[in-house]
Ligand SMILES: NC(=O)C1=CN([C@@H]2O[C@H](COP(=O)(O)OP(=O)(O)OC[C@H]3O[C@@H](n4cnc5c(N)ncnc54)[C@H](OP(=O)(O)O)[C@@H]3O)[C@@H](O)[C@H]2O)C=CC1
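Given as structure tokens, the chain that follows is alone and in the form predicted alone.
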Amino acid sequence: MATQFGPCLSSSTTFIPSSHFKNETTVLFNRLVVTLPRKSTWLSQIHSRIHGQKHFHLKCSNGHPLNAVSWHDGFDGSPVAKEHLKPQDKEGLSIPVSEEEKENSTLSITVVGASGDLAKKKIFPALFALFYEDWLPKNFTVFGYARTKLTDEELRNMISGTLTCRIDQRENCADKMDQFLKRCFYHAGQYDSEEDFSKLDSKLKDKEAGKVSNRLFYLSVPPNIFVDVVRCASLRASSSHGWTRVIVEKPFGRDSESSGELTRCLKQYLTEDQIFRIDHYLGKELVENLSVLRFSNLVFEPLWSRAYIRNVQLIFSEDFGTEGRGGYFDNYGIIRDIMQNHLLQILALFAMETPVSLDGEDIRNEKVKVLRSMKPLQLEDVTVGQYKGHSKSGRSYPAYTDDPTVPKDSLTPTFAAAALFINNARWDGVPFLMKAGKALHTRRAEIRVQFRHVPGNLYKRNFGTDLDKATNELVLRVQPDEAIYLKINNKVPGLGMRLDRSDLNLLYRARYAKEIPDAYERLLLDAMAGERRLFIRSDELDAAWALFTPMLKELEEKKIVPELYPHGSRGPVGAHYLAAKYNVRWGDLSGDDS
């Protein structure tokens, strides 16, 4: 059954515009956030790891010049007063930040839904990792909020088992854990109770001790609770003299209509700048590296068009099924769960034009242009599948419908492949193929760029009739074993003329000893800093749903039966027919794949 969003306002609630959401502008710097009240001095910032200095040269966390940072972070939409902006050099601003001012601000992070799996496995460990590496400000507290009755100590015991230290930084690990856990507290309450959030507000104020309070709420709860939590937090637990921000987890609705309604309801209590719609795939290291690879390497940017690229493949596969999560998954399916968000976001980043700057708004503007240039997905360009039971090597693997939380007659796809097209001058006619599935033969997420055949290739005889073997291919492996590699053709040593296909390979674990941070660490840090480039804007969300909603409705109205494929296989045969329709061969299925 589809998630239903209730009325944005209950009959007993009078909407009160939160004027205190309109009193600040945040400017992002490298490991530092400074908050500008409208008529006062600089008041708050995130703790810098540079100790013992009275003044810092500040840059934004992207590493780009400060003049590329969005200055319209003020909640009333007005720009920062010019008198606050006094550029000193090309590298950024030189602004005095005193120790006294650092002492006068605090950050309060509230994890709503703290007893859930996401909070325990991802959010609390990410917060600890940031604390361990000194990315959090000096004055911070973490509150868990959920309906489950817990004490502070019970919360600490619950999350302590999920905290780990970096492989390359294990010294003082136990001490760091103890320090972090002492900053963690718990408040039990109902998600729709303003009274309970008022009590939370009192506890937050006690910990903030009169300092300038910045508050971040992470909504790790089902989507049908979003609006209730936002209403209560906005009216009863928002900061009165700092910023208040809310991180919202997907799903953001299940079609254009429900997504639009959710956005409309959230915006009755929050401004767009306060809403951080998180897609954790955008925080992954290789997705972050996509733009760097393209825009900072001359060898790639000239090739990034229909003139040289034959097709682009975005592939996601898991080697396990729903495993008790079927109740949630059956309401959404693989297309809504993976393709409409994770893979489409990567596609937009891949295909966008060069942004004016690395400012979050400039990047998101270009992503929206890509999405609006795409034609809505047609049913004939989609194939769906569902995994069935399978026995291998004496072990039995269950079917999707064997999950006790899934209806026996479910038609929900656990696999889908689709062909999308961008109607602009750069990408006209280039198929962007997506493939996502559960219970497949391997776990992987990657972007594969297959280049065109070499015109008049002098060595085509050496490849026989299969010219695909001579195709150059760029692969960005997002997970596991993060890597970037380029498939090239070369001569095998010897007196004869025999060609081979080899990889120019950047394997991250071989090149970099440092452990790669989890995506949630990057995204949490960006939300604290007010950096929005890796979060989804409402018009971006609307454009994404517009591509998929007509096809999803047709799929459900016509009750299309998914093709069955064995648990642990490479997926349904229909995916190969879809690729062949556009003269494409899936790159992850080639025998010489790395």
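For every residue, the number given is its place in the sequence shown, counted from 1. Since the structure is predicted, the reported quantities are computational estimates derived from the model, not experimental observations.
One more form of this protein exists, namely the form predicted together with the named molecule; it is left out here, but the text below deals with it.
Visitor: 491, 509, 325, 267: which sits within 4.5 Å of the named molecule in the predicted bound form by any heavy atom?
Guide: Contact residue from the list: 325.
Visitor: State the residue from 220, 105, 386, 313 whose non-hydrogen atoms include one within 4.5 Å of the named molecule in the predicted bound form.
Guide: Spelling it out, the residue with a heavy atom inside the cut-off is 220.
Visitor: Consider residue 360 of the chain shown here, and say whether it contacts the named molecule in the predicted bound form, taking contact as heavy atoms within 4.5 Å.
Guide: Flag for residue 360 set to no.
Visitor: Evaluate residue 283 for contact with the named molecule in the predicted bound form, applying a 4.5 angstroms cut-off between non-hydrogen atoms, and reply yes or no.
Guide: Flag for residue 283 set to no.
Visitor: Using heavy atoms and a 4.5 Å limit, would one call residue 249 a contact residue for the named molecule in the predicted bound form?
Guide: Yes.
Visitor: Are any of the heavy atoms in residue 113 no more than 4.5 Å from a heavy atom of the named molecule in the predicted bound form?
Guide: Residue 113: contacts the named molecule in the predicted bound form.
Visitor: Which of these stretches, 129-137, 303-311, 114-122, 196-204, has heavy atoms within 4.5 Å of the named molecule in the predicted bound form?
Guide: Comparing against the named molecule in the predicted bound form, the contact stretch is 114-122.
Visitor: Counting only heavy atoms, which residues in 127-155 are within 4.5 Å of the named molecule in the predicted bound form?
Guide: In sequence order, 146, 147, 148 come within 4.5 Å of the partner.
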